[in-house]
Structures are given as C-alpha cells and as structure tokens.
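The chain below stands alone, shown as structure tokens; this is the form predicted on its own.
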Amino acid sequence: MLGDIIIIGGGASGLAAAVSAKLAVPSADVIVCERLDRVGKKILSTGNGRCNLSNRSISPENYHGSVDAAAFIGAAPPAEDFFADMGVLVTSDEAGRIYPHSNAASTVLNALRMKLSSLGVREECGFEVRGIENVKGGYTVVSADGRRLSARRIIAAAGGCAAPSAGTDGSLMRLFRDRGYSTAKVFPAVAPLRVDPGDVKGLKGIRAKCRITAYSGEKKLRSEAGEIQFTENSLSGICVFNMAYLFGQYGPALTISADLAPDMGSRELTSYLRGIAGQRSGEKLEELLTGMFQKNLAVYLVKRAFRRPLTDNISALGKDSSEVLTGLIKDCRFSITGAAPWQSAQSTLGGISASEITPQLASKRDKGIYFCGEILDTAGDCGGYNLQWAWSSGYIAGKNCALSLKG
C-alpha cells in the first residue's frame, strides 16, 4: 500500500519539509527516513552548538552554485517566523547572525521534533536508503538492510558530503546521478583551506585580524575582513571558510593574500617600520616586529621577508627593507593546495543542478520527486546562510509536494 510522502533525510531541510507538508495538507501521511538512530544530529553541531539558524542580511552574493538559493529563500517565510510558530525565541548579534534565545541548538531541534510529533509525522530511524524503485503510482525506497517503504511522493533531503559523522555522505546524490540526473561536481564549502606545511611553519595556533583576498593569478575574486587562524597545514577562520568554495572553481590556481595590517595604509606602515628599525638598530632581527604582532607571527614575517639569520642586527638591513617588509605584511600570499577533508567542512558545493528542478523544487525528470537542502547545487557563506537555505528549501519542497497530492 502506498503512503503519501517519504522524506529521505532527517536533517534541517528534511524536518522543515515534514512540518511544511503537514501544515499544507494535514491529512497527508508523512514519514521521515533517517540513516542515523536519531534525526537532527547535524543541527546540534551548527554554530558551535548554538545553532546559527539564519542571518538578517540575505542576498544572492551569499550563495554559490547553479541554484538561485536567494530567490527561493525570498519565497519562503524567514526562519524567525518559521520558528516563532513553534515557540522558539531568537536573538541576533552585531553581525546579523540569528540564534535561538537559549543559545542552544538543542532548543531548535526539540521544538522541531515536538512539532513533528504533534502533527503526526512518523520517524523511521536507522533507515539508510540504498535504492529508489519506480512502482505504480509512486516509488519504493529500499534500505541497506532490505526494508521497503512506498509512497506517492518523495522528498530528497539527505544532504551532501560534508560532516559525514552527522549522517551525510553524498550517497543519495550518487543514487540520483545513476538515475540520469545532471549533477555539479562536489567540493567542500565553508571549510579550512590547505597549504604546504612549509609555508606556515611556526604559525600553528596563531590568530590575526586581517583582510584576506582570493586570487586566481592576478585576478581578484573576493575579499573579506575577519580573523585568520593557522594550523600546521591550513588556513582557517570564518573569512577563510567563505573562500573555500573558490577552490572548487579554480583549483590550485587559487591563492589567498592576507593583509595583516588592514587598518594601516602602505605609506603609514612603511613609516612606522622605518621608525622602529631606527629605534632598535642595535637589536636582533627577531625583535623588529615586537609590539606589532604575536611573537611567532613577527618572527615568521621577518624570516620570510629577509631570508637571513634572526641573530643579525636590525642595522644590517638594507635601506629598502621597510618597503620589502611592508609589501609582505600587506600582501602575505599562500598557495592553496586543497580544501579540508569532508569531516571538517560545514557544507557542500555541488549536487543536483538547477536544470533538473522546477520553481517548486520538483524534479523535471521524475514526477512526484522533490528536492531540498544541501543535495542541490548551492552553498552559502558562513553565518547562518546554509541553515536558512535548509529551512526555506524544505518549506517550499514540503508545501508543494503535499499540495501536489491533491492534483
């Protein structure tokens, strides 16, 4: 016997789709199939456990990929309104990032699960979908252990490849690719960027305010202010995360430039460095930038700029040394060798292409199949944009899927 709607994936978009479907057609039979033993695990890790569920400033520039996420978001209720109906109070910080008033992601997940329960949505956990079969009047989904569920409609909400420990490994995306769907190549998005360990030797654990700019050759791609963080083999920090999608587009041609003195112009910085060099002419090179940067970063910059022993006196530097050091501080370049592994990524760029879906997020290829969330080819910046896409796309897919049952 066919049910009404099977939602594959119990993450943010899948749960939003279930709520929306039941609100649109309360009589619809809705089942959420989740591969883990509980729905919503990835929600609990968002925003460092605080659940950065949206942002007050949403624009097309915050999204990347073939799917016009901002347009779909504009057609759905804001996250603030969506969760207000579930009794969730929200607040925002100075950057416009929206969080639950409790500052706990569990508040959001508990509200969603309580709403699903009140609406009569069934959760089928431990159900890892390995196949979708066409049957008369609908589809049958087959689990890894051989269980079968059938329904008139399917909503694919199983996410991308990021954070596989939270249940998303890209398997559903591959399943649709095998069904003939056009998919964009997937890459980690909102993730650290890898560099040659030798290029950041001595910088592990250092944080510095800066403005970073992404380049392909000398073509400027994007610039953003923030705090850069260094590990033994990567660049991290929100401003870096927001550049990660570019590696998927430009590969090893991508470089990141860090302006480590963003509040000083080049002339002002050169003048400062000349003054310091004069005052400390009898000191060792390792003390040249003491007072401007953390010790390890100061030493790193001097070594990289001059390639000479740190035990040399500052007075041994040439007359153009201040200009050379200024150039490095204002444009400290790193060649990008790759993005961090999937387990360190927060989102996926790539997936089901925009050419495969309608404005209702329905499949053009298979009648009765809808898509939402990270499985589609779009990725947002860090700051609540990816969760807003999940809520909005889930809302649209769920509503339209349920209404199609009446057709």
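None of these values were measured; they are calculated from a predicted model. Note that residue numbering begins at 1 and tracks the sequence as displayed.
Missing here is the form predicted in complex with a small molecule; even so, the following discussion is about that form.
Within a 4.5 Å heavy atom cut-off, is Asn52 in contact with the small molecule in the predicted bound form?
Yes, contact at 4.5 Å.
4.5 Å heavy atom contact, Gly47 and the small molecule in the predicted bound form
Gly47 belongs to the contact set for the small molecule.
Phe82 near the small molecule in the predicted bound form, any heavy atom under 4.5 Å?
So Phe82 does not count as contacting the small molecule.
Taking the shortest heavy atom distance, is Gly167 within 4.5 Å of the small molecule in the predicted bound form?
Yes, Gly167 lies within 4.5 Å of the small molecule in the predicted bound form.
Residues Ala12, Arg35 and Glu128 are flagged as a possible site; in the predicted bound form, is every one of them within 4.5 Å of the small molecule by some non-hydrogen atom?
Heavy-atom distance to the small molecule in the predicted bound form: all three under 4.5 Å.
Could you spot which one of Ala305, Leu273, Ala163, Ala214 gets a heavy atom to within 4.5 Å of the small molecule in the predicted bound form?
Comparing distances to the small molecule in the predicted bound form, the residue within 4.5 Å is Ala163.
Listed residue (Val67, Ala28, Ala345, Ile369) with a non-hydrogen atom within 4.5 angstroms of the small molecule in the predicted bound form
It is Ala345.
Choose from 154-162, 82-90, 113-121, 246-254 the stretch whose residues reach within 4.5 Å of the small molecule in the predicted bound form, heavy atoms counted.
In the other structure, the partner sits against 154-162.
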